[in-house]
Ligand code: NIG
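Only one chain is shown below, in structure tokens, and it's the form predicted on its own.
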Amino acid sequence: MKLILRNAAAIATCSASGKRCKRGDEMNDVGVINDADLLIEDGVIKSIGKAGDASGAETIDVSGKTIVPGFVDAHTHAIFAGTREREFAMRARGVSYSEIAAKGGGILSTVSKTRELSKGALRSQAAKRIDKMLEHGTTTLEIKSGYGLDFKNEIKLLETANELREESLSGIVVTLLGAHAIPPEFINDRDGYLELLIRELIPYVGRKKLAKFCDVFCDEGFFTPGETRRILMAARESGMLPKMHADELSASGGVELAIELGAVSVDHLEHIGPDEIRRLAGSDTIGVILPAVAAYLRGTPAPAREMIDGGCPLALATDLNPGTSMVDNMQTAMFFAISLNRLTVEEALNAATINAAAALGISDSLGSIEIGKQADLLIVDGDYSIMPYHFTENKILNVVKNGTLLEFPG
């Protein structure tokens, strides 16, 4: 099957020139090719430039439009039950995150609701979210567990994520986040829950190959660096790659540990300091910022400007979750990154594509428009800067996933 996109005003390739990600000044270059065609064959990009006559190809005229890579959302909690708008209203009155948790809110309130739903009900709800994300340009996303927090329900969430991966048009990468919080039944037996994770859940997930990554919420009030090390070492032995939540609520020591363990990414980073920025810049670990969280929590945004200027590889994600970032749209995440974290439009686009793919270990095949890569593309109504500028309106006219032009209802 051949598809030609003809007469694009511009193609923003987001190419990293053979590297897995971009750093520093490279992030201000989105590799624009003006007045070009794009030839796709069997789901793979075959040529960029003037395609000439390609007999038998479906041809689409994209005059005046810009083509960009499909967004990669590298951090989501897309499978959950219920919403937490009451907590949003409480925070607007000045109630803190910890106070809300003490009143029965927070992660554990979503755990309670998620445990009650069947796999089928969770899959149906999540599928609608993922379809909406795809319509707004997210062609690949990560999905974490973490709202089960016992053996049965964590497996339920992982199996749901894997079923969605098989059924959905979107690409899905699955992550085990059993160490999201201490569940209520183990509140007085912290070591008992760690043993459950390390001795039972992680080995089972590894044997069944239910997750590519294992993540830990390493932060004040959640898991210590020592506990995180034990969990991620066990995950590595079971065939999963390490990821971490770190420095969201405090300077937790998580960044140093993530680098030491060779984590693929370390995410949040609202409280990362200058020393940690220097260490991260000298590593292969991708820093993932989640700017909508700072907006929801009225918190301090991650110092992304200092991170990029310091040479850190930086990616961007929504952190879609019902408590602290009910955002499912990468165009919105780009807006927040530009407005709150002081990224340029070009830095935000690279962070949402090639670097986000690197944060999932898939930038060899996704995240940029290059010959030989999978054809996951977005056709934008105008310049690429229109997406974060006018983020309340979907400026993506068409989505191409794996070489197929998708159609959406309405």
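Residues carry their position along the shown sequence, with the first being 1. In this text the structure is predicted, and so the values were computed from the model without any measurement.
Just so you know, the form predicted in complex with this ligand exists too; it's not on screen, but the next bit is about it.
Novice: Quick check on Phe213: any heavy atom within 4.5 Å of this ligand in the predicted complex?
Specialist: Although this ligand is absent here, Phe213 would stay clear of it in the predicted complex, with no heavy atoms inside 4.5 Å.
Novice: Should Phe217 be counted as a contact of this ligand in the predicted complex, where contact means heavy atoms within 4.5 Å?
Specialist: Although this ligand is absent here, Phe217 would touch it in the predicted complex, with heavy atoms inside 4.5 Å.
Novice: Within a 4.5 Å heavy atom cut-off, is Ile107 in contact with this ligand in the predicted complex?
Specialist: It does: once this ligand is placed as it appears in the predicted complex, Ile107 has a heavy atom within 4.5 Å of it.
Novice: Does Asn321 make contact with this ligand in the predicted complex, using a 4.5 Å heavy atom cut-off?
Specialist: Judged by the heavy-atom cut-off of 4.5 Å, Asn321 is in contact with this ligand in the predicted complex.
Novice: Among 121 to 129, 326 to 334, 244 to 252, 160 to 168, mark the stretch whose residues have heavy atoms within 4.5 Å of this ligand in the predicted complex.
Specialist: Partner-contacting stretch among the options: 244 to 252.
Novice: Arg230, Arg236, His136, Arg84: which sits within 4.5 Å of this ligand in the predicted complex by any heavy atom?
Specialist: Of Arg230, Arg236, His136, Arg84, the residue with a heavy atom within 4.5 Å of this ligand in the predicted complex is Arg84.
Novice: For a quick check, can you give me the residues of 4 to 33 that have a heavy atom within 4.5 Å of this ligand in the predicted complex?
Specialist: Contacting residues: none.
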